[in-house]
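Take a look at this one chain, the form predicted alone, written out in structure tokens.
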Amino acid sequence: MKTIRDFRAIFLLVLSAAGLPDGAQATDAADIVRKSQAAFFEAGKDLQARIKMTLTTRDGQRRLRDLTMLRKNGPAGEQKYFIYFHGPADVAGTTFMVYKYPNRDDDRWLFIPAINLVNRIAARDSRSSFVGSDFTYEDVSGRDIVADTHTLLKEDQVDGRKVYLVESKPNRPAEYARKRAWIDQTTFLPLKEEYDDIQGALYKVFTADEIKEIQDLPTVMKRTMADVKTGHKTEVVFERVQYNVGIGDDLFSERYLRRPPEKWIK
């Protein structure tokens, strides 16, 4: 028995010398990312929110986007998103819809009222800019967990909150070569993310700037994505957030892309 205790003591000593707590060693990085995506993208059965998006250039020029986001969770990790743009005038009436599936490419559609056309967005375009912002289409609805290999680097702190620092490297096409996420150990919301390009240089930073409890669910009410190379940034503020409002499946259709019901987009 003494020999077993000695081996355990040596094992714990090795962990301590490596600078990683034994709790962190026992925690699976992919599981942390899975919980983070659940907290960030899947809270509640559904979501309705009014969103103000501000795009700012390096020299301070600003453009605004005013939109409503609707999201409904489905079985086995499936989700549906519906986004309606109220303004400005050049994008007013534009609608965007996503069918999100685990472990396969999502389906995305964009309705542009100026040409009265519903466009299917190819999977390769999911990594392009979302309506001119610093967020990609993939950032809006999330990326498949299995599309990256995740590694828990260490436990850390952000503004006094304990976090997991998780590194993610893509094994499927991605806009980044490496991503580091600081994930709150209590809420599992991402507090900060850094993205490196293929040259290993930092080019994009995400921050969760304000978090509130809405219907007992921690919610990122204000977030920013900044391109550190161009100086461009996008600030997103969630307003009038409601969970579990009873959104029906029939909303997520091409018919309503063209004529969304006023009840849901107001």
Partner chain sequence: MLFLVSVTPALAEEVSLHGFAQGNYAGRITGEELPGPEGGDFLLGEERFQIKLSGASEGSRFFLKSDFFRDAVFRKTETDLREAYLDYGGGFFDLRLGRQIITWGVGDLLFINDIFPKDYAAFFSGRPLEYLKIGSDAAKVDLFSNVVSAELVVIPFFQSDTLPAPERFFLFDPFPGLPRTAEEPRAEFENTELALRLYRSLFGFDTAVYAYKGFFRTSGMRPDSPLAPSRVNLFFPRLAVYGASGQGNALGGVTGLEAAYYDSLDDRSGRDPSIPNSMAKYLAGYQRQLLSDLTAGIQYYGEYLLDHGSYRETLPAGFPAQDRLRQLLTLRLTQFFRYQTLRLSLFAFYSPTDEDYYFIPEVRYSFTDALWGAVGANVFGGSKKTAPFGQLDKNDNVYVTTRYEF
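Positions refer to the first chain, counted from 1. The structure displayed is predicted, hence computed values, not measured ones.
Keep in mind that the form predicted together with its partner chain is missing from the display, and what follows is about it.
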| property | result |
| --- | --- |
| Location of its partner chain contact in the predicted bound form, chosen stretch of 108-116, 187-195, 142-150, 157-165 [non-hydrogen atom, 4.5 Å] | 108-116 |
| Sole residue of H232, K35, K222, K52 within 4.5 Å of its partner chain in the predicted bound form, by heavy atom | H232 |
| Contacting member of G74, P88, P102, P173, with respect to its partner chain in the predicted bound form [4.5 Å, heavy atom] | P88 |
| is_contact(Q215, its partner chain) in the predicted bound form, heavy atom dist at most 4.5 Å | no |
| Contact label in the predicted bound form: E42 to its partner chain, heavy atom within 4.5 Å | no |
| Distance check, K169 to its partner chain in the predicted bound form, heavy atom within 4.5 Å | no |
| Partner contact for D46 in the predicted bound form: its partner chain, 4.5 angstroms, heavy atom | no |
| Non-hydrogen atom within 4.5 Å of its partner chain in the predicted bound form for each of I121, S129 and E254 | yes |
| Contact set, 56-87 vs its partner chain in the predicted bound form - heavy atom within 4.5 angstroms | Q61, R63, L64, R65 |
